[in-house]
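Shown next as structure tokens: one chain only, the form predicted alone.
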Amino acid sequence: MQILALAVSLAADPTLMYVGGWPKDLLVIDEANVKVVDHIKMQTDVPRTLSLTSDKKKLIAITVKDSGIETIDLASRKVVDSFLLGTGAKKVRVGGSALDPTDRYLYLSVTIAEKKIDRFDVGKPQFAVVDLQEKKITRTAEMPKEVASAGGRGQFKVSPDGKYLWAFRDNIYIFDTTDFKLVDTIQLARPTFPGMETIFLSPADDPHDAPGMMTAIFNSTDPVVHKRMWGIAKINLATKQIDFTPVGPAVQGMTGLRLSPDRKTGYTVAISGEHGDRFTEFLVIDMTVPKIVNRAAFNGRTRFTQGLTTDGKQIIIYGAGNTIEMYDSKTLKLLKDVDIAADMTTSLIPVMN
């Protein structure tokens, strides 16, 4: 009887995926059959980014208009808190964002513009800390010019102890979260593997990555013969240790890396060419070596995001439209193409109940 009850419980608690969609929805999708099972109405606007809290019980959404911040309770599927960063004449444009391990503070890069009688007064890019309990920006600090040169764009990660904010730009910058003083700079042109240029980060955290780790794709150019390569970067956010391993010749572009549940296999997409000559290809990587062990071309849309189901059995292609394509991660063949009747605006966030 206990085994039967457990089986019923597991069947009743599927993995759900959450994604923002027009006009002001958070869509709830059953991962197993790629079916929309619910719509959560947002209070401020359409979601632009989603962050899962460390206890996996809530989502923090940043919305488009007036940079709204909304907290969604996953059990009740309701917005339980919302407020605006921009109000009246003041507009706050949000770039990168990261949620701290306590789930109380949201670290942002922001540009604040204030409407005057005859002009908009646009400030310099800043770091901002949003206290989700006090519902406001409680601290700001001007960005160093090296980080601000990207217009505040890029990705942030917070170390597991909450002490450091990692900013990924042309180089990697590490800041103390108490005063935003720069404590370390990792020159991507001069790391352990010389000539590294770019790190391709996935738009959302990989649920299968090791705690405190970030595994990503990088590009590099050999400083002697100038041969361009791509490889695997393993970044320890706590110790600042970074390992770079080359894998193969560089291509025009790549999506972020997604790991299988056992972290032994990685999945990415290589992109080359433009318009009629555009070529998209799945790459399957043995992460223990690492090396490419399988590859297959597919009809990739102009813009898309790549994901992976929580069991690692299917690759997900979605975004920049209203369809989700599911591919078998072994055969790399298309299994289904599902219309969810809403243009997607955020990354898919999977949550296993």
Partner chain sequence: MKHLKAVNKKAHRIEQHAAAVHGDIYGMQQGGPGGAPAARPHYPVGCSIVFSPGWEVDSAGGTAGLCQPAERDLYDCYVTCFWPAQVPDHYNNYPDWTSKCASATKDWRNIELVFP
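Numbering follows the first chain given and starts at 1. Nothing here was measured: the structure is a model prediction, and the numbers come from that model.
Another form, the form predicted in complex with its partner chain, is not on view; read the next lines as being about it.
The candidate spot formed by Arg93, Arg303 and Asp343 lies fully in contact with its partner chain in the model of the complex, as each residue has a heavy atom within 4.5 Å of it. In the model of the complex, its partner chain sits within 4.5 Å of a heavy atom of Arg48. Its partner chain in the model of the complex is approached by His275, whose closest heavy atom lies within 4.5 angstroms of it.
Interface residue remark: Asn322 is counted as part of the site for its partner chain in the model of the complex, having a heavy atom within 4.5 Å.
Taking non-hydrogen atoms only, Pro23 approaches its partner chain to within 4.5 angstroms in the model of the complex. Note on contacts: among Lys65, Lys313, Lys35, Lys56, the single residue with a heavy atom within 4.5 Å of its partner chain in the model of the complex is Lys65. Residues placing heavy atoms within 4.5 Å of its partner chain in the model of the complex fall in a single listed stretch, namely 275-283, out of 123-131, 238-246, 256-264, 275-283.
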